[in-house]
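One chain comes next, on its own, written out as structure tokens in the form predicted on its own.
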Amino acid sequence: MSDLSVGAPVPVRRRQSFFRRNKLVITPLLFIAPAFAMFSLFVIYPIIQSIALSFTQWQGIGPKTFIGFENYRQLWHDPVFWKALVNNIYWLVLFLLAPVIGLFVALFLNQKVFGIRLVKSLFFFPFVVSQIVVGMIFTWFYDPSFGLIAAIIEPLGWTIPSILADENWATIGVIVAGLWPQTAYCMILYLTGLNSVNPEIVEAARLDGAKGWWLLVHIVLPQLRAATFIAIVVTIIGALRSFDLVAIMTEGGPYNSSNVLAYYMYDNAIFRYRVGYAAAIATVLFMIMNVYIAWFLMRLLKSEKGSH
């Protein structure tokens, strides 16, 4: 027996390389690395640089002077900053009408009748046009001399105020213009979500006597939870990032009555050469948006855990 064991071939254990032993960990990291590098270069680095700039006094050229929290102290006492912040809250609240209107438009368009595709394409129109075009269209709508609204109501004996020149109406006028493309975006989300609604559940509810509002609230809307979640989050972020329409329609006026944080930051950086002050405004806006981003990520992680 001892002779046979000596003559048998002994298996040689080849030592595995470091990559083979850790490939389950290294391979995903290699795929993520390019995206993370780009994200760090174009997102994280500018954020850090903007926060650092907010502690300096800088005109865009020349040396920077470190002034600590002086920019934030000036912001605290700046009435235009508080006016812009309040306007951003108006945007936030009124912009949330977009998911509601978008839902009802999507329910209306989710029909199988002749010509509905043509109607859908008309509702898609504001989503594909530029915000600049939207701003110019609504500026014409609101014009008290030759605008569309004036042309409609003047024959009835009514007059329209100069909406964009009125301190009390300018912000509302710009928000209504912003609601048009945002509603179209939410409508597209809901139309996509309606395609995933289970028709068997809806039919079973109808057989049990469900109809109308009860059917919508208790059967259809729970199945549109994902679309609703995305629509609300994107709408909130869009409201806080509002800039284009303000720049096109009012430039923050009259008398800063329609100013928002994004435009006030741009105005200080480009026209007043107060880059450090503008960076402080950007940092405050970033911190406010972080609240919603953190909430969004928490809900996303929670929903993913619940699905497993």
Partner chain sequence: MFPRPIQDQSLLRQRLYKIALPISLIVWLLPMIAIVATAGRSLSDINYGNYWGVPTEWAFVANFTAVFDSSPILIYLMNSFIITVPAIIGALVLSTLAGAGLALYKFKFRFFIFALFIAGNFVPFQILMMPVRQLTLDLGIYDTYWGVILFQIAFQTGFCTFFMRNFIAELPFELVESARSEGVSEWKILIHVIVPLLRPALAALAVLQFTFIWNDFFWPLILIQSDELRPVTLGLTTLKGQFISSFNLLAAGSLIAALPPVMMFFAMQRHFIAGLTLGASKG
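Predicted, not measured: the structure shown is a model, and the values here were computed from it. Take the two forms, find the largest set of C-alpha atoms that superpose within 1.5 Å, and that set is the rigid core. Residue numbers count along the first chain shown, from 1.
Not pictured, yet referred to below: the form predicted together with its partner chain.
TODO: Would you check whether its partner chain, in the predicted complex, lies within 4.5 angstroms of a non-hydrogen atom from each of 86, 158 and 175?
DONE: No, none of 86, 158 and 175 comes within 4.5 Å of its partner chain in the predicted complex.
Task: in the predicted complex, residue 108 touching its partner chain (heavy atom, 4.5 Å) - done: Yes, residue 108 is a contact residue.
Open item on the list: I'd like to know if residue 27 sits close to its partner chain in the predicted complex, meaning any non-hydrogen atom pair within 4.5 angstroms.
Closed with: The answer is yes: residue 27 has a heavy atom within 4.5 Å of its partner chain.
Task: Contact of residue 65 with its partner chain in the predicted complex (heavy atom, 4.5 Å) - done: Close contact is absent here: in the predicted complex, residue 65 is far from its partner chain, nothing within 4.5 Å, heavy atoms only.
Open item on the list: So in the predicted complex, is its partner chain close enough to residue 69 to count as touching (4.5 Å, heavy atoms)?
Closed with: Close contact is absent here: in the predicted complex, residue 69 is far from its partner chain, nothing within 4.5 Å, heavy atoms only.
Task: 153, 132, 204, 93 - the one with a heavy atom within 4.5 Å of its partner chain in the predicted complex - done: In short, 132.
Open item on the list: So its partner chain isn't shown here. In the predicted complex, which residue out of 148, 232, 165, 80 has a non-hydrogen atom within 4.5 Å of it?
Closed with: Partner contact (heavy atom, 4.5 Å) among the options: 148.
- [ ] Quick one: name the residues from 210-224 with any non-hydrogen atom within 4.5 angstroms of its partner chain in the predicted complex.
- [x] Contacting residues: 212, 215, 216, 220.
Open item on the list: Does residue 27 shift between the shown form and the other one by 2 angstroms or more at the C-alpha, the core having been superposed?
Closed with: Where the cores coincide, residue 27 still shows a C-alpha shift between the shown form and the other one that is 2 Å or more.
Open item on the list: Is residue 39 displaced by at least 2 Å at its C-alpha between the shown form and the other one when the rigid core is overlaid?
Closed with: Residue 39: C-alpha displaced by 2 Å or more between the shown form and the other one.
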